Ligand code: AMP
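Next up: a single chain in C-alpha cells, the form predicted alone.
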C-alpha cells in the first residue's frame, strides 16, 4: 500500500482537522495538506514522473517538506530525502548515484553549479516553478504502490566514506509506523509531532503514524533545534512529541533547568541515534519527569530494532532499573533480535557479539551495491555492525560499533563503559573514547573530555572515577581536553575525526 493513502484517508474523514503548523501558527488543515500533495503529484505526472522514478528533497526542515514528501509518494515515485545541511557537491553525488530525475531544493542554484547534477531537474522550493506546481489541479487519489515498491531511499550519513542508499519499501515504512503504536507511544488527534531533528532522517519517519491518526505537525520557525523555542511551543501548543538525539536532550534539559521549567506541554521525547548515558537520563528524569522513551534502530531498520518503554525508564523502584537505563530496551514487536559470534552462531544471554535483526521493517537492500548487501544482509538478517548483549529478560545493551572496539594488550575494551565511568565525574560534561595505535599494547585508550564550564578535571581524579567502576586496564592512558566534540548533523560523535586529530599529533 502507498503510505500516502493514510493522508488521503485522513483528509477525507477529517478535512478540517489542523494539520501543519509553522511554529505556533496554523498554516493548513488536512484538506489543504492533501490538496498540496495531490497538486505536486499531478505536476510530477505531467512531467512524466511516476512509478520507478526518484524525486529528491534537499533542504532543511520547512513547512513545505511534508506536502512535497507526500506529493512524491502520491505520484507513486520514490522519495530521496537528502540532509539539508550537506554541501551542494555532496548532495549532487547522492542525486547522481540515485538517478534522481527531479529535486526540490532550497538553493537550486548551488546544485546547478555542481559538476555532478547531470540531467536532474532542480525546482527551487518557494520559487515560481514550485508555486506553479501547487496551482496544478490535484490528483484525486494516490497512485497504487506494491508493498515491495521502494518508497524512501535513505542515504546513510557516510561518516566513513560515501553514503549508501538503503531502499525502504512501502511495507518497511508501514511496519515501522505501526510498531510505533505498539512499542513507543500512542498517538491521538490532539497530539503534535514536532520536527526539531532533520526530517530527512529518523524524525521524519514518525510523520506517517501522526498523519494516520490525524495529529498536528509542527515545524519550528527556526527550522531546527532551539531548546528555548521548543519549551515555548510546548507550552503554547501542548501534547508535543518529538525525536531527539541524546545531545539534544541534554541541551533541552539544561535550558529547562535554567528556566525553572518542567517541560509543560511535552508529551513524549523519543531519544536515540547515539548513546544516552545513565547519568544523563537520570538528570533528564529529575528535571522533566517521565516523558522519555528510547529507541534503537538504523536507517536499514528505521527506528525499529528495540525500544525502552516510558514505564521502564521511569520505574526507579525496580531492582534492575539502572541496568535497564543503560540498555536500549527490548525488541520491537516487528523485530527478531539475535546476538551472533564471528561465525554467525547465536550467542547465549550475557555474551557480547554482533547484533542482528530480522523483520518486515528491514530494508530491501542497498541501491546498486551488491558488495555491501552481501556483507550486511544474510539469510534475511540485517547485520548491524553494532556489538551488544541480551540479558535473560530480553533487554538489549549496546556496547559499541564493532569498528570502535579497542583491543589493548589482547583484551577487549568497550569505549561506552569507559565513557559511562568518566561521566560520573562532576566536572565532565561530555566524553568520547577511542583507541590509538601503540607499538607495545596494540592500542591504548584515549579519552577526549569536554569539561563543565570553568572546570579542569585532574587526570588523577579522572582515573579514580574509572577505577571506582571498571577494571584498571580499561582506564585511559591519555586524556585530551577539548572545547567540544565533533558531531554530525544528527548529534553522533564523529570518532573518525577524533582519530584524525590523534594522527595529526
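Keep in mind that this is a model prediction, so the values were computed, not measured. Residue numbers count along the first chain shown, from 1.
Keep in mind that the form predicted in complex with this ligand is missing from the display, and what follows is about it.
Only one segment in the set 420-428, 144-152, 274-282, 247-255 has any non-hydrogen atom within 4.5 angstroms of this ligand in the predicted bound form, and it is 274-282.
This ligand in the predicted bound form is not approached by residue 216, whose heavy atoms all lie more than 4.5 angstroms from it. Looking at residue 492, you'd find a heavy atom of it within 4.5 angstroms of this ligand in the predicted bound form. Shown alone here, residue 297 lies within 4.5 Å of this ligand in the predicted bound form, counting heavy atoms only. Shown alone here, residue 398 lies within 4.5 Å of this ligand in the predicted bound form, counting heavy atoms only.
For a residue to qualify, one of its non-hydrogen atoms must sit within 4.5 Å of this ligand in the predicted bound form; all three of 201, 328 and 386 qualify.
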